[in-house]
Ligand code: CMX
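Just the one chain here, laid out as structure tokens, in the form predicted alone.
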């Protein structure tokens, strides 16, 4: 459907957000995703977002990424309409999935990652927006 966000691993959201704010971007949402051992800040840019990822633990995926590679591009997220069908379609087509089933991500959205071996070295996130009781998409 579209690029939902671009994930950037950072040591500090507070320090990193200043750069993006020089372009007039504003942090619209910050939350901790305990299951992933990460704090995220979302900055809207056009129809997409920049997602700053700060680890809350060195043993989480983002903490390990930063230790190995340093700050930088972590992943690109594509919004999909039906994440379960997309996962099944990718598995059927022999693409390697990190997540065989969707899990909870920031904003309560359903997410799953495609292994970089299948995407020319890019970690790709699939993201399905969750609908709240008012039938509006959570942001």
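Residue numbers count along the first chain shown, from 1. These numbers come from a predicted model, not from an experiment.
We do not show the form predicted together with this ligand, though everything after this point is about it.
Peer 1: Please tell me which of 102, 27, 90, 61 lies within 4.5 Å of this ligand in the model of the complex, judged by heavy atoms.
Peer 2: Looking at the other structure, the residue within range turns out to be 61.
Peer 1: For residue 113, is any heavy atom within 4.5 Å of this ligand in the model of the complex, or not?
Peer 2: Looking in the model of the complex, residue contacts with this ligand include residue 113, since a heavy atom lies within 4.5 Å.
Peer 1: Residue 80: heavy atom within 4.5 Å of this ligand in the model of the complex?
Peer 2: Close contact is absent here: in the model of the complex, residue 80 is far from this ligand, nothing within 4.5 Å, heavy atoms only.
Peer 1: Taking any heavy atom pair closer than or equal to 4.5 Å as contact, tell me whether residue 109 reaches this ligand in the model of the complex.
Peer 2: Close contact is absent here: in the model of the complex, residue 109 is far from this ligand, nothing within 4.5 Å, heavy atoms only.
Peer 1: Please check if residue 13 has a heavy atom lying within 4.5 Å of any heavy atom of this ligand in the model of the complex.
Peer 2: No, residue 13 is distant from the partner.
Peer 1: Can you tell me which residues in 71 to 102 come within 4.5 angstroms of this ligand in the model of the complex, by heavy atoms?
Peer 2: The stretch 71 to 102, when checked against this ligand in the model of the complex, contributes 74, 75, 98 at the 4.5 Å heavy-atom cut-off.
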